[in-house]
Each structure stands twice: as structure tokens, then as C-alpha cells.
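One chain comes next, on its own, written as C-alpha cells: the form predicted alone.
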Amino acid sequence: MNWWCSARGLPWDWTWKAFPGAWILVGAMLAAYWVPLRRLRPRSEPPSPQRPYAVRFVLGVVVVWVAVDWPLGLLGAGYLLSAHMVQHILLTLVAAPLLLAGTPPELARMLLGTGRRMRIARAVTRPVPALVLYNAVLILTFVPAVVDAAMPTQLGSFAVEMAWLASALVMWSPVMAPLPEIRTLSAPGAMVYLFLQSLAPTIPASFLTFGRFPLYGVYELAPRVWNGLSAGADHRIAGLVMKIGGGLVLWGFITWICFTWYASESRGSPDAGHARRLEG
């Protein structure tokens, strides 16, 4: 039994391995969600208003679980850069918006309070700071020196993945924050914001896709998962996943916001509170 990704460095095989660290993370996220809600809502209240939130939050947690547990968690931690990139897409562009969309306003208000934490949250979730923070974390966590230092250790790989998730929650907040105290962008503003975000990964993706040599020693020297997949090919696939895969997800959100906005305009309710906060 392995704790987080402690089987790295060994020849790869598809034998299932237990990762209790991933299970503890998932359990902690679910507990942090349901325990406060139990205190906020008496058991006598009907559960139906909470159900859509709970479904979205659980889906977000499932995506986190897929990203950090075997096999993707182990492959991404020390074998394939392309798997590492899939983890990044899942955590930042799939799990983060689901977790935000699944957080009821009363729970978010309880977690942030009305004092310093709320002021900090309102400051960092403005569009420009949120965009800068997310992309700073993105660039830093893909610097070769950082990757080669962090990924060989369990703590390092976990820290990188949690930095991705935390910065993505900030990045998505201007689009779908669960609290009215945190201002969200109008539908046109949200589309422009996500369009700008889709441009940011172009630089690291270009280095990976068109580089003549692998950038990361930890993945270049890792045991091969498939004999026909070289480290260079793995790097190129990772670059394509970052640019094309991430772009498709963001453009999917842009399209959704556009149609939601159009529907609200057709009902004679311009923007309709960002279309009821993206139908949340």
C-alpha cells in the first residue's frame, strides 16, 4: 500500500495500487461540505433546495478524486507529463467550477465571514488579480526547476496540485462566485475574461509542443509506460493537451454563457443577474 505517489521510479505496470492520501483528501472535502451544512440547516427542512448544489459539489469532488488517485495521480506524478497535464485540466477547468457551483451561499458566507477573510476574498477575486494570480501559479508550477524539484516528492506533488485547485477557485470566482458580496462579471464581461484566460497557456504549451528537447528531467528519465512513447513525444502531447484541451473547455464555457445570456435577453431580462448566476 502506498501513501500518495510513493511508487514512482519503479517500472510502470497497470496493477492497481491503493493511495490512502487521495482518499483522505476526498473524505476531508466531503466532510468540510456536509458537516457545516448540517449545522446550518435543521433536519426538518426539506433537502430538495440543496440537492442541485450537492450534486455539483460531489461531481467536483469526483473529478478531484480521478485526478489525484491511481492511475492518473501516479502517472502524472512521475511517469508522463501528458498525464500531469490532464490532471491540471481536470483540477483547474473542471473540478474548480463544479465546486464553486456546488457551494450554497450560506456555506460560503459562513466560511468567509464578514471581516478580514471576506475583504481578502473580494480583493483577490476581482478579474485582474484573479487572472494574474492563476496564471502566476500556472507559470511557476511549470518552470522546469520547480517541476523537477517538486514532483519527485509526495509533499511537492501534492502542493502543486492543491496550488492549481486553489488558484483555479480564485480564477473562476469572477464568473461564478457563490456569494452576491463577491461581484461577478456580466455575461459579456465573463466571455471576454475567459477568452483572455484561454490565451494564457499558449506560451508554456508552445515550449512543450515545439521544443527540440524535453524540458523536465523527472519525466525524461522516468521509466517508459509504453515503449513507443518517448519523452519528447510525451512532452508534445502535453503541450497539445494544455492548449487544445484547455481551450476547448474554456470555449465550451464561453459558448454556454453566450447561450444563457441570449436566453435571458429573449425573456426580456438583460443578463438576469448573470442568468441567475449561471443557472446556479
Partner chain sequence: MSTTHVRRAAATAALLALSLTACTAARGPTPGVTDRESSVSNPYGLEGVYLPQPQTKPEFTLTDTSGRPFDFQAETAGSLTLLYFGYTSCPDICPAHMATIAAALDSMPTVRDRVKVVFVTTDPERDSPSVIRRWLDNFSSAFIGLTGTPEQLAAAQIAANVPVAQKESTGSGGYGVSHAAQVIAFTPDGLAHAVYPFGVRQATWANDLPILLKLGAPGGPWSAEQRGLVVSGAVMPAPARKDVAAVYLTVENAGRQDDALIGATTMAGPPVEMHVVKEEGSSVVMQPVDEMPVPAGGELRLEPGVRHLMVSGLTQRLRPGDTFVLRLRFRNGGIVPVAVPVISYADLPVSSDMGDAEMGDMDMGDMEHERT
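Source: prediction; values computed, not measured. Numbering follows the first chain given and starts at 1.
One more form of this protein exists, namely the form predicted in complex with the partner chain; it is left out here, but the text below deals with it.
P223 is the sole member of G27, G252, P223, P52 with a non-hydrogen atom lying within 4.5 angstroms of the partner chain in the predicted bound form. Of the candidate stretches 177 to 185, 96 to 104, 206 to 214, 116 to 124, only 206 to 214 has residues whose heavy atoms lie within 4.5 Å of the partner chain in the predicted bound form.
Along 144 to 178, a single residue, D148, places a heavy atom within 4.5 Å of the partner chain in the predicted bound form.
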